[in-house]
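Before any questions on binding or motion, here is one chain by itself as structure tokens, the form predicted alone.
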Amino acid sequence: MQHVIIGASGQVGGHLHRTLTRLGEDVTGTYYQHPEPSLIKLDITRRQDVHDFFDALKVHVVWIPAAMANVDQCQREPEGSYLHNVEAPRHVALSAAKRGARVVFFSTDYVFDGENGPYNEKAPVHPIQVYGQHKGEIEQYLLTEISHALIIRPAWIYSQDENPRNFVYRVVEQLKKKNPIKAVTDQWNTPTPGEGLVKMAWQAVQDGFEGILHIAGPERLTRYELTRRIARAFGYDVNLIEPVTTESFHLPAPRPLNGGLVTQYAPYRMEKGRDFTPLF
């Protein structure tokens, strides 16, 4: 099949690009702010540019991991968040659908309020910040207006990538310098390995899965415990990890606390050893 990955310079998009290429698929990737030699620059907020881009390609699957994903920035700049997280992916989805391509969109666990997690695909959404509201809005659009769309919700994505957008990399870089790290004890979630996420997403596409699918790691941890595990796995001092509460950061955007994702679809439940090699 011929694939387009919108946002192939990001953590998820990069995993997708490498995995599909390794499998022998025909892949075209785009970037917006982080150029890479093998990728094409595309600003998906420019509708005509999106149409022109797709006019020049034959495509079967369009993957959309691209997003304005800084939650606090979205809270401070709701107009920018709406442009990048609702209007822009809508342009892409429409262009893809008009050309008969399947749309695979990566959403977020932040569509939930974090009151009664973990959540499965049938749980009603109730976002508590701008980012989650906009992700929920584009989800609903795709479900009602784009035939055969697949919406994937991961949570707390991590990988081995040496990329500032990767949580593991950021933690390790601080620990290398022996800098203390404050990590919250009151946020619970299901960390999702990028490797396993991409493997499951590709399987879902091959299976013809439609609608909403949760793909998340098999364990539910606090951010504090996750950070301590990273320190132990890479041989650094766990005493550099300081337990704090979310409230102590005074963040612009509220965070879901009692969160996490599970799937009701057995073929897409991750298991250590079968679906990915754990980092910690």
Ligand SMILES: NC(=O)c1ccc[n+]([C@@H]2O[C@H](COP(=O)([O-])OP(=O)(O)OC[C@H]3O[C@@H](n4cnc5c(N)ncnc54)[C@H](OP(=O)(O)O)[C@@H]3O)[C@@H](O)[C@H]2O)c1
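In this text, residue numbers run from 1 along the sequence as written. In this text the structure is predicted, and so the values were computed from the model without any measurement.
One more form of this protein should be noted, the form predicted in complex with this ligand, which is absent from this view; the next part is about it.
Undergrad: Only one of 199 to 207, 95 to 103, 118 to 126, 147 to 155 has heavy atoms within 4.5 Å of this ligand in the model of the complex; I'd like to know which.
TA: It is the stretch 147 to 155.
Undergrad: At 4.5 angstroms, heavy atoms only, are 75, 111 and 139 all close to this ligand in the model of the complex?
TA: The answer is no: none of the three residues contacts the partner (heavy atom, 4.5 Å cut-off).
Undergrad: Tell me, which of 224, 54, 236, 31 has a heavy atom within 4.5 angstroms of this ligand in the model of the complex?
TA: Of the listed residues, the single hit is 31.
Undergrad: Among the candidate residues 230, 62, 213, 67, which is the single one with a non-hydrogen atom no more than 4.5 Å from this ligand in the model of the complex?
TA: Here the answer is residue option 67.
Undergrad: Looking at the partner-bound form in the model of the complex, is residue 10 within 4.5 Å of this ligand by any heavy atom?
TA: Residue 10: yes, in contact with this ligand in the model of the complex.
Undergrad: So in the model of the complex, does residue 90 come within 4.5 Å of this ligand, heavy atom to heavy atom?
TA: No, residue 90 is distant from the partner.
Undergrad: Although this ligand is absent from this view, report whether residue 42 comes within 4.5 Å of it in the model of the complex, heavy atoms only.
TA: Answer yes; at least one heavy atom of residue 42 falls within 4.5 Å of this ligand in the model of the complex.
Undergrad: So in the model of the complex, does residue 81 come within 4.5 Å of this ligand, heavy atom to heavy atom?
TA: Judged by the heavy-atom cut-off of 4.5 Å, residue 81 is well away from this ligand in the model of the complex.
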